[in-house]
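Here's a solo chain for you in structure tokens, the form predicted on its own.
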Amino acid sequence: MLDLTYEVLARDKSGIQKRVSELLDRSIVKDYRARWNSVCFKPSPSVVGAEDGSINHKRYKNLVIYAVNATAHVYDGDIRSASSADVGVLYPYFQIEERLHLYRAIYEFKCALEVIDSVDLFLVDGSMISDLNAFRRLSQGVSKEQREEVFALLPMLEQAEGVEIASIELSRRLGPDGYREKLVFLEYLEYLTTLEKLLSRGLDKLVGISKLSTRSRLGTGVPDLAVFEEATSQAGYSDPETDVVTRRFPVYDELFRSLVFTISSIRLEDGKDVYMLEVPREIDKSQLIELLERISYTSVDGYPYLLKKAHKEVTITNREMKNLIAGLGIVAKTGREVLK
């Protein structure tokens, strides 16, 4: 079958290459270049923090074994960290992918909460708007009565301390009727609770940095980051714009929907990559430049060093996951044995 795939590639190669070259129309590049502000940033000393997390898993026919970890680094002359990890069982076997990503996000946010009060600036890996819009499917399929049962546990989620998935233990209090849906809704509430705490305590400190983004401000269908990388080469930023979250939330709806996010494409050093910056507040160009100079203080090769360090330390590879499973000594079927 691979032979046929290579034949198709050889046959269609020129057409594919032509299509790729057409994606960035020169008039689009010109429009984007006009929206770029070139600046040579002067690093400004600041106490900076950053976080990242990772999750991996192994599926079996009746359960999932997962490993999750996260770390938050702080640089104040020396680097110190708050880190946590867990290996556990995901059961019941329901909405696996969303729940795994939700677990990772909870660990990331809770590690961030361990250090947020001690920093001037805290870098979040990814987009906070995307975080707020994620996992909405986990709140569906729950009746009014079932929601009330789960909401009764909300005060305990809000009071939970430390870095762990508190809803795993609290789920023992749920009745059997609609248990799967209630459990997942409870986990979703813990995610929103953790994000609300982080936003409330760090609203003036949080900065999201995204390496990839599909956002296209001019509606071209080509991501802004890709076009700005083609259109510019100097350090600087794109004209900031604002965005809001319009969807509704089962808890903290007033806070989440009141947020105004400022978004800009940024390059910290000449010739380096362009990233998306996002802050959960309105700032003008002068405030954006000041913020970028503080980020530059702990950046290496045009990217925040603490984010890179956190990413390298938390990544759970498939090989490491295999070793963790071997350490558990689990004997179970994955369902793929017949293919071997």
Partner chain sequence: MTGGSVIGVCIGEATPGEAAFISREMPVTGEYVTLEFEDARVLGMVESLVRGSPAISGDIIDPDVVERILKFEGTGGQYVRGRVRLLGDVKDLRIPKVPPPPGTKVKRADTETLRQLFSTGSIRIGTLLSNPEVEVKLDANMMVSRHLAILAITGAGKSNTVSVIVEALIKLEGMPIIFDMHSEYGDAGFTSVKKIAPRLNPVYLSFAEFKMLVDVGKDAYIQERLLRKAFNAAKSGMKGRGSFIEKILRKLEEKADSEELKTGSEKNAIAGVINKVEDFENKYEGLVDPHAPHILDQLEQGSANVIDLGSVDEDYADVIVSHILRRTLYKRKTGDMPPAFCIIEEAHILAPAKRPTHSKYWIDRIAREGRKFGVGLCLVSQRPKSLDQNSLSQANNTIIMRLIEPSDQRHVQQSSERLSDDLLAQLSSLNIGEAITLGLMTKIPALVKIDKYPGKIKGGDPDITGEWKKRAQKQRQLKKQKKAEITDLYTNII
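Note that this is a predicted model, so its numbers are computed, not measured. Residue numbers count along the first chain shown, from 1.
Same protein, other form: the form predicted in complex with its partner chain, not shown, and the subject of what follows.
Checking Ile79, Val244, Ala152, Leu212 for any heavy atom within 4.5 Å of its partner chain in the model of the complex turns up a single hit: Ile79. Checking Phe135, Tyr237, Phe256, Tyr75 for any heavy atom within 4.5 Å of its partner chain in the model of the complex turns up a single hit: Tyr75. Picking from 273 to 281, 31 to 39, 58 to 66, 294 to 302 the stretch near its partner chain in the model of the complex, with a 4.5 Å limit on heavy atoms, gives 294 to 302.
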